[in-house]
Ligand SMILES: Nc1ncnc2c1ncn2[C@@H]1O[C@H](COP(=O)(O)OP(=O)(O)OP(=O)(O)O)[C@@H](O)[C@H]1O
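Just the one chain here, the form predicted alone, laid out as structure tokens.
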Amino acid sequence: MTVTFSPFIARVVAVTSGKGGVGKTNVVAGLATAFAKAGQKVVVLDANFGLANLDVLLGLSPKYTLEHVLKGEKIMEEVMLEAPVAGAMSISVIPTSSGVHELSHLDPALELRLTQSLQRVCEDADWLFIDTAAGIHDAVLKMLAAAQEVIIVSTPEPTSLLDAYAMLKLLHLREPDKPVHMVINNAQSLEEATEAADQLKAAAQHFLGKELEILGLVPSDRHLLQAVREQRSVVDLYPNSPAGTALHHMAESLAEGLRA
């Protein structure tokens, strides 16, 4: 069985990476915040079943998590937390426990419970963002298959770009028509980000025959580090910072793609 989300619910976007430590969760938090500020209802699922940290990044302290839902001890509405956004709707966050082996190997019964729970809580949402773990693992691939589109986050470092391309190649071989967007994060300069993006686009075109969309280039920004320390999204705390502006533009591009 494969996890599937019914098309009448929120737009489902999975955010992933080939390599860990590339700032994927910051991208998720930034996009979710940008849409909340635009008046959209946003649900975020922390699907990093090995090293969940979205709740920490947003200053939340969950008493219950997705683990309790899958064990049948709680329903999804009882574990969801609201992450406040200045002057906007809050973001509904589904937290996950870290280091729980069972969550990384969902059997068909647990997949069905997860699917039904998400469909219920997302019935009136505009967006569902799934923050996956890094790398090519069974649980990650199931979440990517369930999403309507995928964002791959990479830094300009060669190892990160290589792992991002490996993820892109796997997705293309499995679902060649699924929209995949690339984000270059934590670039030291626009030139560095552009060069990295061009390398990925050229590789995708040459080896896969795929036109790769670059959703955004996020610069290295001290405001982002400060926002992490204060457990807020940089789009919320420093909306006019270089990173905050870049993430806001990415959200606009994502919404434009939906309208198109």
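This is a predicted model, so every value here is computed, not measured. A residue's number is simply how far along the shown sequence it sits, counting from 1.
Not on display, but discussed next: the form predicted in complex with the named molecule.
Remark: of stretches 136 to 144, 67 to 75, 178 to 186, 163 to 171, the one touching the named molecule in the predicted complex is 178 to 186 (heavy atom within 4.5 Å).
With the partner omitted here, the residue from V218, A36, L58, V44 that has a non-hydrogen atom within 4.5 angstroms of the named molecule in the predicted complex is V218. The named molecule is not shown here, but in the predicted complex it comes within 4.5 Å of a heavy atom of V228. Residue contact with the named molecule in the predicted complex: G23 places a heavy atom within 4.5 Å of it. In the predicted complex, the named molecule stays beyond 4.5 Å of every heavy atom belonging to S233. In the predicted complex, at least one heavy atom of L51 sits within 4.5 Å of the named molecule.
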